[in-house]
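Laid out below as structure tokens are two forms of one and the same protein chain, each shown alone and named structure 1 and structure 2.
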Structure 1
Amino acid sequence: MASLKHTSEKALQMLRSLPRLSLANIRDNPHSRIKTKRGRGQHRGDFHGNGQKRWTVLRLGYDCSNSPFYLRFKYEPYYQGHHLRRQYPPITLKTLQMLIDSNRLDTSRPIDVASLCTTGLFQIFPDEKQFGFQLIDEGAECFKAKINIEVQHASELVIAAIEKNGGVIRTAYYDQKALHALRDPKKFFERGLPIPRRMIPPQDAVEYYSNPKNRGYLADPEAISHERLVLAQKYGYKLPKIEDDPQYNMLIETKDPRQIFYGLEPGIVVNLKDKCIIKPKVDV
């Protein structure tokens, strides 16, 4: 009995000196894991499992080397942030004139993103970093319409082609939430949600939309009038007087920088079923 007691005390003393059991000190039994030898042509070897004869068909992405071709080229730093850049699907002046001639667009009212999307020919996907439309100068020599249009990007020749006919153009920024409402106004109104406020442009876009040369919606109106005259002198055409135009009220109609739809302030709920508009009691 004395020897048994001595043995148990010795075992307990050894347990006290040993560290506590944890994931850090757990080990496999010796020789419990046996590494298998790699077979010939297994796991995509030197010749990708095709043997010594290289004229057989290689895997997609390989061209007679051990590395795919897209990993053998150096990294190009100018692609940095490319997936975050804002995209603007193009619309030509020729297409715009065709839509006007076919009565898909009403020139007696201002044209914006909602007007272009309701034609059924253009779509915007804000989830894919598309932030509106841009007008390009294809067909500038045949554009003859007098319109009041709002787009997100336009070149100098496009601005000159529109103002030469007595029209007005503005460039304005819309955030993704506002574009979801503009791309399908009927679907948005059927949800019964109040019209949100348009967000201000990000820091890298403030300069563009504040420049009167780009006809930005945040630019000074007097500076825009001066730039209209400068552009007319540059391209050699006589600038029509908007004040004497019978459609003067339509041509000068604009949106507030926080407004999304023409004639509808933020916070308004449009009820299509009852054909009524519910205005908020407190200013939004």
Structure 2
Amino acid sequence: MASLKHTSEKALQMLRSLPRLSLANIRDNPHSRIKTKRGRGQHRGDFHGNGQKRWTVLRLGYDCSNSPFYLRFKYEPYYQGHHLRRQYPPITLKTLQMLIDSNRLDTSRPIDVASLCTTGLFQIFPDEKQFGFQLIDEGAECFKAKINIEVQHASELVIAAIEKNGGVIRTAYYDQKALHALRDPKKFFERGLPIPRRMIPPQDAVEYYSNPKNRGYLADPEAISHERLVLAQKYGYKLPKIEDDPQYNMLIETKDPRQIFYGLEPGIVVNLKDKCIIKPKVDV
């Protein structure tokens, strides 16, 4: 017997005694469609946007002067180089922890831009000068997951929070073309193009990604492991031994600086329909 305590059950029960629903007895909610009234008469009438006996629509940008504002001041110094500034949409550690708690993110595999975008909760728009994600330290106190994550920017506290729990964090650079492939791998594979090589970072980013303090992907691994110790001492936590971790192989999994996807080398074409890979034959 259907429970009558749910509102939909009550409504459906009511429908049983009402006439059959047909095209003739349906209607929208009252007042959901408001007819826009045209201006006529004393207050809404007058010239309807036009002047009195004149065509007075002003062109875009015109301010009734001889030299309009947008022509007088052709540029402003404050936005110089805006087209060169990279944007990194933020993800908080709290959100990350929530996704892991709710089983939305798989921590048994390394996390990168592709994993975050395929959850369907985050999107990257490379056309809007977005170059990847950055991790924010909001929620650092409640972060308890052990993950191997690769983002495009992370602050010191974020790195400390992740490494404290035995995780691994790297910052890596993806150029626009690589990012287009990474943000929607399925769409990229369907294009049938060979996986491109990732480009090296631009001049102003090389320093950041070569710095072991930022766990940059171009930094010396020895220097990174030294910095891990330094950070642990700075923030006062015991650095977990990754070598003893059962997930060691997953935690140390990294991409080549020229690689876009984990496990897939540049130059191959992934055929989703036939479930095969087309590789260039290397002439020996």
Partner chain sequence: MAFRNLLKLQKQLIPQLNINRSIAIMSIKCGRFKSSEKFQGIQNHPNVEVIENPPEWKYVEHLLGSKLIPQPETKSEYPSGWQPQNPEKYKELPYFIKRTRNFMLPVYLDVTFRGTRRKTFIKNIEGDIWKLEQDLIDVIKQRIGNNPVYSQINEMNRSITIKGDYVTLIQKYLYSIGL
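Take the two forms, superpose them, and find the largest set of C-alpha atoms that agree within 1.5 Å; that set is the rigid core. Remember, predicted model here, so these are calculated numbers, not experimental data. Counting starts at 1 with the first residue of structure 1 and goes up one by one along its sequence.
Engineer: Pick one: which is the form predicted alone?
Structural biologist: That would be structure 1, which is the form predicted alone.
Engineer: Please determine whether the C-alpha atom of Pro246 is displaced by 2 Å or more between structures 1 and 2 following superposition on the rigid core.
Structural biologist: The answer is no, as the C-alpha of Pro246 shifts between structures 1 and 2 by less than 2 Å after core alignment.
Engineer: Aligning on the core only, does the CA of Leu272 end up 2 angstroms or more away between structures 1 and 2?
Structural biologist: Leu272: C-alpha displaced by less than 2 Å between structures 1 and 2.
Engineer: Align on the rigid core first; then say whether the Cα of Gly236 has moved by at least 2 Å between structures 1 and 2.
Structural biologist: No, Gly236 moves less than 2 Å.
Engineer: What Cα shift, in Å, does Leu84 show between structures 1 and 2 once the core is superposed?
Structural biologist: After core superposition, the C-alpha of Leu84 moves 2.5 Å between structures 1 and 2.
Engineer: Quote the shift of the Cα of Leu21 between structures 1 and 2 to one decimal place in Å, the two forms being superposed on the rigid core.
Structural biologist: Comparing between structures 1 and 2 after core fitting, Leu21 shifts 82.9 Å at its C-alpha.
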